[in-house]
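Have a look below at one chain only, the form predicted on its own, in structure tokens format.
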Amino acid sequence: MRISSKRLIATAIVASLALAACGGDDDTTPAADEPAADGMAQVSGTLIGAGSSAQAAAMAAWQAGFQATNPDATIEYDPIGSGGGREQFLAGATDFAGSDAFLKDEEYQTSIDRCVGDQGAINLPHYISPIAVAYNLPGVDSLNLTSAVIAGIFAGTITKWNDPAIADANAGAVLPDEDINPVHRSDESGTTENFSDYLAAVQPDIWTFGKVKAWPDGIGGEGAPQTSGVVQALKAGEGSIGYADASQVGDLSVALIGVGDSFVAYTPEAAAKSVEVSNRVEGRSPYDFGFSLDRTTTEAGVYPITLVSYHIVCLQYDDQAKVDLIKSFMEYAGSEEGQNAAAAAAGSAPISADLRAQLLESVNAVTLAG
């Protein structure tokens, strides 16, 4: 895949922050003619999706907002994880997928066979959020972690909380002589893919496993399914540390991440800046969007462990009611109202008016095969 040097789309995401503080076709019915509250025609039927558990809070907000103006429509979503979501979508079991990684080349080729017509699927980046490195260490309310320390902890080479490498970045902190329990996802996960991509990019000599969707065999620690499982494991085990979408870590303590000469806290603004310094991936349909994130930046104020989560949809369906449902729901998720609803529920970074307009063009390109 080729990477564009243009950053207009990514920059537009950050500009917006200044303006803001899945299944079969049998259960759909034709779209109704009555206008919804936003001026769009109301739709009815059931849309089935599955995938990213990081999107869960945002998805709940999108479901509620969309169904409030489309009372005869139902959006079902199973947060089984990005890997499972892509697998189900590509197998034809769902109408759309939520994924914390865009379709890879081989998955895109599979989508050409899965979707009707010959245009395959597209990726719509509707959710941008930091991945928090959360920990459970009573008495340690603030923790700075360099990229080398994070990689060492999750690779199993740093095993004690009072290791000198941790102490050096946390002067004055009372770090216990206690084993570290690194918690990871036990299922295939886009969150794992983004987190391991960061580790592989910033510390390839320590994290030698590369970018992976499934946690590598042979590394110690505790596995837990889905984002909720990781959070539960962290809360249950003192001395634990793990990675999870920031919207779902609750009252757990969260580390500051070393970037250049400083340590950066996760915020929507800092996460969006990581997209600003990155590039859009080219090489497929002009309606397809994906970002290759720059994990190694040293630019001030950038939070590098960020995920861009996508809705994956076909460009063509064989049922007009399904087309209407997909277009209407995806338009809502990418709208200013939908983005603000997600930000309020999940703390995500709203996408800009410019990117919203470009994604709307992609949504409008979804058509009935024929």
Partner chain sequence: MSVSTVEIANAATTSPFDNRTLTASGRAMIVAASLVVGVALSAVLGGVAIVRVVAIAAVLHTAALYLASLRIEGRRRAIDRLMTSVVTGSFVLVLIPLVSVIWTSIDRGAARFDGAFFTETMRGVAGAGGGAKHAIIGTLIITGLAAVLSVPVGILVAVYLVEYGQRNRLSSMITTMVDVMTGIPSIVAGLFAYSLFVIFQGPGARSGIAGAVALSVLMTPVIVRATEEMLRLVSNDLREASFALGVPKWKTIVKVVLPTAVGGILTGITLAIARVIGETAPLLIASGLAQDTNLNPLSGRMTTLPVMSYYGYVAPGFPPEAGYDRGWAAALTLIIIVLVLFTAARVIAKVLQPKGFR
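On a predicted model such as this, the values are computed, not experimentally measured, just so you know. Numbering follows the first chain given and starts at 1.
Note that the form predicted in complex with its partner chain isn't included here; everything after this is about it.
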Decide if the three candidate residues Q67, T74 and Q88 all line its partner chain in the predicted complex, where lining means a heavy atom within 4.5 Å. yes
Looking at 302 to 310, 328 to 336, 315 to 323, 58 to 66, which stretch has residues with any non-hydrogen atom within 4.5 Å of its partner chain in the predicted complex? 58 to 66
Considering P79, G258, G290, G152, which brings a non-hydrogen atom within 4.5 Å of its partner chain in the predicted complex? P79
Do L355 and its partner chain come within 4.5 Å of each other in the predicted complex, heavy atoms counted? no
Using the partner position in the predicted complex, report whether A344 sits within 4.5 Å of its partner chain, counting heavy atoms only. yes
Would you check, heavy atoms only and a 4.5 Å threshold, whether V116 touches its partner chain in the predicted complex? no
Answer yes if any heavy atom of T94 is within 4.5 Å of a heavy atom of its partner chain in the predicted complex; otherwise answer no. yes
Which residues, if any, of 212 to 234 lie within 4.5 Å of its partner chain in the predicted complex when only heavy atoms count? Q226, S228, G229, Q232
